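Next up: just one chain, as structure tokens, the form predicted on its own.
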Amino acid sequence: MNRESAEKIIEGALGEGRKVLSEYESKRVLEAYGIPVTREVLVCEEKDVPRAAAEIGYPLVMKGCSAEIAHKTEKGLIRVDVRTSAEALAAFREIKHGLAGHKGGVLIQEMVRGRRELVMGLTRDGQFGPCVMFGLGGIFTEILKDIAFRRAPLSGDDAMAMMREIRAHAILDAVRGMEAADRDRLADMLISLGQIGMDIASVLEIDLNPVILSGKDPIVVDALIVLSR
């Protein structure tokens, strides 16, 4: 765990008068707490696209990355399954145009494959303080609202109980040729989210959606951290 690194990122954003971290910044905070995130490079200049793409490896996902834009899909700022240098350059130009002058760049990211999507998060409740959330992710988060909450800090038993509590808990089992999810790793992630909330009072919300199960391994694909002054 590198609390100092996470605090530095957050203090920098607050110093600029911002209340939201970009996806890239959010993932660096998560990474500092040992939470697995996608391999990615933030690129601001077209000339750096080929090097970044080669470093991550095709196929790629490319996203507009700005603290000023929370909903990238609605803004048309995501390209998936980018497979060649020509496609990467074209995607970069389109995304930069779509950013329309907003401060930020383009995330060049590994394409994580997996049929199971989860959601994790943290919210700071006025009465209970930081509370950790776990549930079914992707498009089903809003539709089914199949989620569980626990007050931080979490124990290992707390995290395991959250996984059993959701109605769709069987999604974590070995099913249809897919491996059982690494529940110990998921538990560590939930505990770490709670620890961020305990350590850094300026973190108001964390939203990790989706967390994709790539085989048995959970990986945070998209992340948003909201701050309070």
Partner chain sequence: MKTGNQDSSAVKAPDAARAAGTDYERIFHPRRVAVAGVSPGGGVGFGTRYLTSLQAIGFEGEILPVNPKGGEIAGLSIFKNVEDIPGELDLIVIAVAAEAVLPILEAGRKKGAAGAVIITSGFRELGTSEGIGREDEVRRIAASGIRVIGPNCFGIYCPKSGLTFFPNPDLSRESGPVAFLSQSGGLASDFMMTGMWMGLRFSKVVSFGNGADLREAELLRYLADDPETGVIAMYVEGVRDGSEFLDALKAAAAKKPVVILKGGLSSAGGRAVVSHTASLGGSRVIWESVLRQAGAVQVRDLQEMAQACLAFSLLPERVYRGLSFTGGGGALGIAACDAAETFGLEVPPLGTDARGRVEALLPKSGASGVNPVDVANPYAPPALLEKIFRAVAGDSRIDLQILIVLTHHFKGLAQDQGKTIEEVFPYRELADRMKAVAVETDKPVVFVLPNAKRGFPDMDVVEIHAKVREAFLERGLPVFDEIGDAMRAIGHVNRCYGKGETS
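Residue numbers count along the first chain shown, from 1. Please read all numbers here as calculations on a predicted model, not as lab measurements.
One more form of this protein should be noted, the form predicted in complex with the partner chain, which is absent from this view; the next part is about it.
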Of the listed stretches (148 to 156, 108 to 116, 91 to 99, 78 to 86), which one has a non-hydrogen atom within 4.5 Å of the partner chain in the predicted complex? 148 to 156
Work out which of Leu30, Ile200, Val43, Met163 lies within 4.5 Å of the partner chain in the predicted complex, going by heavy atoms. Ile200
Any non-hydrogen atom of Ala180 within 4.5 angstroms of the partner chain in the predicted complex: no
Should Leu213 be counted as a contact of the partner chain in the predicted complex, where contact means heavy atoms within 4.5 Å? no
Determine whether any heavy atom of Asp207 comes within 4.5 Å of a heavy atom of the partner chain in the predicted complex, and answer yes or no. yes
Consider Gly137 of the chain shown here, and say whether it contacts the partner chain in the predicted complex, taking contact as heavy atoms within 4.5 Å. no
Heavy atom within 4.5 Å of the partner chain in the predicted complex: which residues of 117 to 142 meet that condition, in order? Met120, Gly121, Leu122, Thr123, Arg124, Asp125, Gly126, Gln127, Phe128, Gly129, Pro130, Cys131, Met133, Thr141, Glu142
